[in-house]
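Heads up, the chain below is alone and in the form predicted on its own; it's given as structure tokens.
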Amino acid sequence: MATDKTFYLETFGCQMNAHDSEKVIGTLEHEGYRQVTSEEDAGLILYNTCSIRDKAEQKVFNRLNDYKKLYKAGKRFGVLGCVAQQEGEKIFERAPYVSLVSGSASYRKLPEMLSRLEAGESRITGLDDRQTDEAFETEFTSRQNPYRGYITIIEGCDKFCAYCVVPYTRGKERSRTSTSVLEEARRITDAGYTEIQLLGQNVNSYSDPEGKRSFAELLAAVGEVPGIRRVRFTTSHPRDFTRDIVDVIDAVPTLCDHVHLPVQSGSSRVLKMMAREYTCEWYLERVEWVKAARRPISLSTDIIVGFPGETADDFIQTMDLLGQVQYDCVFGFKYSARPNTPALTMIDSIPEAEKAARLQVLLDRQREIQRVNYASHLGQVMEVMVEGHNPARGQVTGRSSQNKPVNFTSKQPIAPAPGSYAQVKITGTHPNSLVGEAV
């Protein structure tokens, strides 16, 4: 292993994985490691993995195969995250050059595992069972995002949706104390961040171990931390989405006017097969709460097409739901079987071509809905937080409070820095973004 203790880390998957990687980087740096930007320059190569969909999982093994030649050059490999927890020691069989396999709940053991790696051990595992009470909190977080600070407030999942592998890879639900969350929020603002995003597999299932605050009360408290201008949260589960969440968004201006509320299907029959434990009517009641808010709150969702047993009529009901809710954004996916999930026992009789056709119909319809929704912002002036620049187009890139991408021009001699804010007049719209000029 390289004597200068260098590492390369690539992250696959969700925002929680991205934030977990920030914690891993901070821990490695505290242990004397230095991050580099390519596998070839690293002594330790780490992949923080996602197993929510088959393609994400396959990407990791493809990447390992691409770089296994580096093993002969003395490199060491580690697989972290959900694929590591899911596959466990089978990873050593599939990729014998991997030396470290660790699920996310075991990252607190990283210093010990690194010491064993440095001592020459070649098969080190950090795997917790589902019942672990441990969470991965660290004061050594190395924040990689220049404009948004992430805080995980709850880990794991107790919902056991029929298609989802997360309860098996992330463990049971474990919430942090509201005191520790607020302490971290204050540290983030002291570091210069003005936007915080609260994270959880089911973020609104949060249950304060201290009994001090509900999820809505925690949102309000974070939003009132001095220096905070924006607070986001993701992902919400409809089962635990309560009216007080909408009330607090209305009451606290720093809470962003955007809710991501995955529905997965517009058919109550399919929702029952998915074990979502709500009906379409239940879900639409929560949508009505959002639409009745004093502030216009943007809604986005996740939808799975082609779940085992989904009929043409079930799919029509999902399309009807799109028309009724008028989402600002939909993340649509074809069903894919995941290891250990109850849906594996269901007959997946829908051909891949039919799944693909349904998905395309859904995405085409949603694109037209978004075209109308985004066009409604024409002529408005909105606050945009800068995220970066597109030199080829001479534009600044950013995001509105409703989480809509905004590309705009600025007459300032120096381009605004990521994390700064601009008032932007919207002069053009597309189905997935807004165009404007700073005013």
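Note that this is a predicted model, so its numbers are computed, not measured. Position 1 is the first residue in the sequence shown; the rest follow in order.
Below, we refer to the form predicted together with a small molecule, which is not included among the displayed structures.
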property: Proximity to the small molecule in the predicted complex, single hit among 366, 197, 102, 235 (heavy atom within 4.5 Å); result: 235
property: The small molecule: the contacting residue among 264, 267, 141, 106 in the predicted complex [heavy atom, 4.5 Å]; result: 264
property: Contact label in the predicted complex: residue 193 to the small molecule, heavy atom within 4.5 Å; result: no
property: Contact test in the predicted complex: residue 320 vs the small molecule, heavy atoms, 4.5 Å; result: no
property: Non-hydrogen atom contact residue 333 with the small molecule in the predicted complex at 4.5 angstroms; result: yes
property: Residue contact check: residue 147 to the small molecule in the predicted complex, 4.5 Å heavy atom; result: no
property: Among 380-388, 48-56, 23-31, 398-406, the region lying within 4.5 Å of the small molecule in the predicted complex by heavy atom distance; result: 48-56
property: Full three-residue contact with the small molecule in the predicted complex, heavy atom 4.5 Å, for 201, 304 and 338; result: yes
